[in-house]
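One chain follows as structure tokens, the form predicted on its own.
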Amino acid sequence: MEKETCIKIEEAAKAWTAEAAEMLQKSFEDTLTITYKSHIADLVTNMDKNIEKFFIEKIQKVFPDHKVLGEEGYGDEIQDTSGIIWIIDPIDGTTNFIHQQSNFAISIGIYEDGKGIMGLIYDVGNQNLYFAKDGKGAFLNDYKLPKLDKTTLSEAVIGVNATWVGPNKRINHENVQEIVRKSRGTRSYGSAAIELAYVASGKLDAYMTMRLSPWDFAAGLILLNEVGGIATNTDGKPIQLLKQNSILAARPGLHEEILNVLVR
């Protein structure tokens, strides 16, 4: 990608994210229209839809040759990773947005021919922008995030949802219980984007989940790559960008230690 194009994309993405965040903050004063998708806990609001439409309209106007993959389905039908694709979650953590007005984020991963070139995760409640650009590092607002050091499970705080600690259809829960027991502690924030940003910034040492869609992890993978974090499926296989995946994201060393427990 040409330098001028990259600068134009960065400036636009940051400006539009700030504008969308202001729209979300103002929406707290209004009554939300809340529905659900696949089940009663899979919530969507009018703001999820409005924010996605906002980004798509901006992108189509300024970058008409770019494609958009969005959670709410207003983007393009994407069959492969060719070209420039914006992968957008307008509100990652919708349940938190509704119930808490915190712990939710705008998440944007921008890819060119399958390679992550730019990632933005905006923690709206705390007004924190996590930003990464391929080969240029990752940042929390104006602070450049350091490379992640190695750590061990006994010293680690792990992001994991309680769903996976009990019996479930996707993973041996006894292995997950062992990881929980051996760790220093666990946390669950209800937003994959925020939890991936927390791993990249050292606030969590690892994050694991059995089911994420591209818009949940696209931006976070770019952040992690810039600080030396490791992300794979929970069986150690590479993540497929356009499909639903399990995710294990962690510091170096810790990723291998957790993986060795999960794949027994």
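Fair warning: this is a prediction, and the values are worked out from it, not measured in the lab. Sequential numbering from 1, following the sequence displayed.
One more form of this protein exists, namely the form predicted in complex with a further copy of the same chain; it is left out here, but the text below deals with it.
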{"property": "Every residue of 163, 180 and 202 near a further copy of the same chain in the predicted bound form, heavy atom within 4.5 Å", "result": "yes"}
{"property": "Which of 82-90, 131-139, 113-121, 99-107 lines the interface with a further copy of the same chain in the predicted bound form (heavy atom within 4.5 Å)", "result": "99-107"}
{"property": "Distance check, residue 145 to a further copy of the same chain in the predicted bound form, heavy atom within 4.5 Å", "result": "no"}
{"property": "Contact label in the predicted bound form: residue 78 to a further copy of the same chain, heavy atom within 4.5 Å", "result": "no"}
{"property": "Contact of residue 187 with a further copy of the same chain in the predicted bound form (heavy atom, 4.5 Å)", "result": "yes"}
{"property": "Touches a further copy of the same chain in the predicted bound form: residue 151 (any heavy atom, 4.5 Å)", "result": "yes"}
{"property": "Within 117-132, the residues that have a heavy atom no more than 4.5 Å from a further copy of the same chain in the predicted bound form", "result": "126"}
